[in-house]
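There is one chain below, alone, in structure tokens, taken in the form predicted alone.
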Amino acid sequence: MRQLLPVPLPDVEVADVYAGPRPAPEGRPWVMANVVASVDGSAVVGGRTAELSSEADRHLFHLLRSLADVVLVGANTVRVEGYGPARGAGGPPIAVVSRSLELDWDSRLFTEASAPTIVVTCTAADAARRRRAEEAGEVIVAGEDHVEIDRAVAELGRRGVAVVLCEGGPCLLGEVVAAGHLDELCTTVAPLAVGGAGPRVAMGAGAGTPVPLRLVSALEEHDHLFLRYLRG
């Protein structure tokens, strides 16, 4: 993979570019996000991310997972993308954010995970579904009427998590941004113009103070750009 920034190099080891340190902010874990988007800002093609990805992007996807203690993802993304457990026996657990708890408890995500899948929900969730979630994995209650990202991230920290990797979808990442918890953003820009009204990588009803970011590296392979930002 070719490096464009900070210093142009014809070939680099991707793991070295994305190496830490990732010091935990006071009171919570470090939160990084990994997203892919078209050049015109769409987060999906035909409702999914697959057509935006590439072999290099998939390699980076698994590399970033290896740097995290837990992967945080929204329930709709789990359903649409057909999530399973993280690859390998040492892969981080997946933490699914869901108020409705409308999840497939017999899916690979729950039945084949080497570490119990975590379900992050709220007090108002259906009691019977919550009991089923407790049977299938581990449950974190973070909020009353809805899942509060502040409480969810803090609770993960209390359980020894130092690095959280958010893989979306757009509404969950929008909540992370609005809460001011985005410390690192890894963005793959696919060489496609999609058009239409597809979602952005981060969106939602709430909006907090914009999070300033600084570009620390830029890589390129087969016209895909791989950008890494840290909090400014």
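Bear in mind that the values here come from a model prediction, so they are computed numbers and not experimental data. In this text, residue numbers run from 1 along the sequence as written.
The discussion below concerns the form predicted together with a small molecule, not included here.
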Want to guess which of 153 to 161, 131 to 139, 69 to 77, 108 to 116 is within 4.5 Å of the small molecule in the model of the complex, heavy atoms only? 69 to 77
Although the small molecule is absent from this view, report whether M32 comes within 4.5 Å of it in the model of the complex, heavy atoms only. no
Is the gap between V147 and the small molecule in the model of the complex 4.5 Å or less for some heavy atom pair? yes
Should I94 be counted as a contact of the small molecule in the model of the complex, where contact means heavy atoms within 4.5 Å? no
With a 4.5 Å heavy atom cut-off, would you call E167 a contact of the small molecule in the model of the complex? yes
